[in-house]
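Given next, in structure tokens, is a single chain: the form predicted on its own.
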């Protein structure tokens, strides 16, 4: 965690469902939220069940960011009917960890009101690949997207 002031990082241990992430002292001391920033919600939202209003959670975070900010998101899906993902979900449930695997349409809803960057909400390995993906989509099992707050 060394570098220039422009490359500073900070760590804050928090619960996105309980804590106002953007108001944490570590965040406020590191980021100028009056300027555009990137909100990275990678491998997180599939642990947020519908009962916890994941769409409201994302909207609330985005509302605290300056116009021009970006949302970067990845989300596991059972859209390919992979047995291992279903079993993983069941294992989490047995351990008391809630969550929800969402379809492409459900993942795309997180970007409502944002300018979605090309190529849109796609299977993870299809986001700007340098070459044709070597795996079939069904073996990847998650969607990704990037949107810009107007």
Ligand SMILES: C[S@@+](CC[C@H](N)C(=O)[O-])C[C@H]1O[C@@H](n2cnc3c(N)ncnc32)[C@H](O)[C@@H]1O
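Predicted model, so just to flag it, every value in this text is computed and none were measured. Numbering follows the first chain given and starts at 1.
Keep in mind that the form predicted in complex with the ligand is not shown, yet the notes after this line are about it.
Using a 4.5 Å cutoff between non-hydrogen atoms, residue 43 counts as a contact of the ligand in the predicted bound form. The ligand is not shown here, but in the predicted bound form it comes within 4.5 Å of a heavy atom of residue 47.
By the criterion of a heavy atom within 4.5 Å, residue 17 is counted among the residues contacting the ligand in the predicted bound form. For the ligand in the predicted bound form, the listed stretch (116-124, 22-30, 35-43, 58-66) containing residues with heavy atoms inside 4.5 Å is 35-43.
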